Structures are given as structure tokens and as C-alpha cells.
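Consider the single chain below, provided in C-alpha cells and representing the form predicted alone.
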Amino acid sequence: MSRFFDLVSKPARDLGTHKAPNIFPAPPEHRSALIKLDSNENPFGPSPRALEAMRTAVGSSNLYPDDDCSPLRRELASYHGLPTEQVLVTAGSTALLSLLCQTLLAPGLNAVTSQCSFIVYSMAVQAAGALLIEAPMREDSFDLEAILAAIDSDTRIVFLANPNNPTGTVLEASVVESFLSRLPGHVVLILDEAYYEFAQHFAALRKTKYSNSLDYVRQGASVVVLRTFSKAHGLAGLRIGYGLGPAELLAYCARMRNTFSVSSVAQAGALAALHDNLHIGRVVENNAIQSQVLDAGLSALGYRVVPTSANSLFCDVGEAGAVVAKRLREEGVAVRPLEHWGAPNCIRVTIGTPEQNQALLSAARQLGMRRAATEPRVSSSARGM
């Protein structure tokens, strides 16, 4: 028994069972040039407008930031056509996930989501002392009937990551709308749209309807929509995201938020990045084009690749994903093994720049050739038996 075991809370003890995803050290010759395709980061970085705004904000770093993020909240409200009271800015959308769980959950209550979805849901729910119920998937996507069946009188939250992380699969607007109409009144739907800009672009290319989420918020539904500046806007290192939802619920969440949790530099960067449509357009267009390049290249190597609506590809590699990820890292390319998501034979590959993607495909081909060379060959006499 450790010194503090009886002193810490049960959620803190239980969360100790979570392990960080395996990160393998790169050999010395690759460390400085490691191509990171493991964390769904924007390969183009922040927009020029955001960089300029952040440089200016650094000069006032001796002052505490605006705790309410007032200019950014007002701009987001105007941008989305909502009252300011229906916008809450936090230190990344993951921070808002935690606030929602602290506000809505308690021991004896539960939240429902799907298997093989965003791993932070489990951490946030358990930290609140509640239970996360994971419904089975269907064909790499959500089984909404299974999610509905898992809801009971103790359920307070349903998480839908749309597109889903790590599979990249998407639920079209009409499907989400039908699902929402069937949720009981004591359940809040958290629509996690971290990859909104990518999904919207893919939907336009495919001539489908991606999301009506803000209509639900305007209609007063028990829905909170999560968005982030970490992905298409390239501000992952600054930790800034936001939620759009019922004013009363977000006000309760705001009470739970840490003081001065969103830095002035992050606020300035986000405010400038929001309207840099040229930069966002470049990012989402590259993502759509390069998703096809990677899909074709990885499929040719025998990987099963799931069509994506996000900025990454979910690949079944036919063997332990951790082993493949380790080999690729030794070649100078980092991808994410998914055993902790319940997909032990899969990896998630961030869609990078054309050069990064070609480096990944080259490394994967090298691994394939080495594997073929070491596999035992069957003699012609044995083949004829």
C-alpha cells in the first residue's frame, strides 16, 4: 500500500490505470527530422495573421489575460450567429469536456459513447467519479441504436465525436437530427466537432450535408457543440477551444473553470485565426487531396484504410499496430498505434504535407520489402502438394 493511496480520491486512483499511448524513441539520426504524423496536428502551423497577433500579445505578458475572453467570445458569437451567453472559451476543447463532466456527472451517474472514440471521454468521466458506457461500433462507425439502447435513467451525457477520432468516420446531418429527436430529456448531447472545417470541406466535395449542429443550439436543444483552434487553425500548442450551447448550462460550467486559464497569447491568436480564410482554405484543400494520395498508397501496401472526413486516416495494418508504429518511427516517421482505443491491429496517420506523406509511404514500402524478404519461402515442390 502506497503512502497516499487512502488519501486520494477514488477517481484519482482509478485514473492511474490509464497508460499514455506508446511513444517509441527515434534513432539519433532521425530525432531532429522526425516527421510527426501521430497527433492530428496541422502541418502548416498557425496562419500569418495569428502569428502577428501573438507576437504583439507577447509584449503584454506581464498582465493577466481577460478571464472571460470577452473580445473572442463576442467575435465567436457574431461568427456563429449566437448570443454571447451561448459561447464559452476554454483551454482547449478537452478542458470543456472536463468542465461538462464535473458539472453534469457524479458517482452513480453515467455517460454513453461508442467504442473506439476519443480517449479523453473516458478520462473526463472517470475524473468526475462517474461511469462511461461504450456501445459497440458498426463497420468502423457509430451504432446509434446501440448507443440509444445503452442510455438509462442515470445517463446525463452522450458523446458523439463527429467526425470520430480515431476512425475519421462521419454522421450526416439528417442522421444526427434523427438521433437527437430520440434522446430522453435528462440527457445532454455533446457534439464534438473538433474536425469541423475538414468535414465541411469533404461534405461539399461529396455533395452531402455534414452538420446542422448550431441550429439545435439556436432552437434551445440540450446540445453542446465543441469546436477547437487546434486543428484547421494550427494552434494546438496554445490550448484554446470553445463550446456553443445553452446559456444556463455553460454558465454553470464557467463557475468550474480555473481562473485565467486561457492565455492572452492564445486569445489573440485565435481571434486573428478565426477569419484567415485563405490559410484555412489551404489547409483543408491540402488535406482533401492528400487523403486520396495516402489512401491509395497505403491500400496498395495491403493496409485496410477507412475513408475519412477528418485530417487523419484509420488503417488496419493486419498485425500489431504498435509494432508497425515502432518500425516506422525507426525510419523517422511517427504514427499513432491504437491499442489503447481498442483497435490493436490499427494505426492512425495524420494527413501531412505532400512531402511528409511521401516520406511515410516510402518508409512503409521499405518495411514491406524487408518483411517480404524475411518471410519463409515455400518451395515449388511444397506448392505442388
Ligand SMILES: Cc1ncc(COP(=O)(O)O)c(C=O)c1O
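Keep in mind that this is a model prediction, so the values were computed, not measured. Residue numbers run from 1 along the displayed sequence.
The discussion below concerns the form predicted together with this ligand, not included here.
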Each of A194, K231 and R239 near this ligand in the model of the complex, meaning some heavy atom within 4.5 Å?
yes
From N165, S211, Q126, S291: within 4.5 Å of this ligand in the model of the complex by heavy atoms is N165
Sort through Y216, F202, Y303, F118 and report the residue having a heavy atom within 4.5 Å of this ligand in the model of the complex.
F118
Is A161 part of the interface with this ligand in the model of the complex - any heavy atom within 4.5 Å?
yes
Applying a 4.5 Å heavy atom distance criterion, does S222 contact this ligand in the model of the complex?
no
Considering non-hydrogen atoms and a 4.5 Å limit, does this ligand approach S93 in the model of the complex?
yes
Tell me which stretch of 283 to 291, 69 to 77, 146 to 154, 231 to 239 has a heavy atom within 4.5 angstroms of this ligand in the model of the complex.
231 to 239
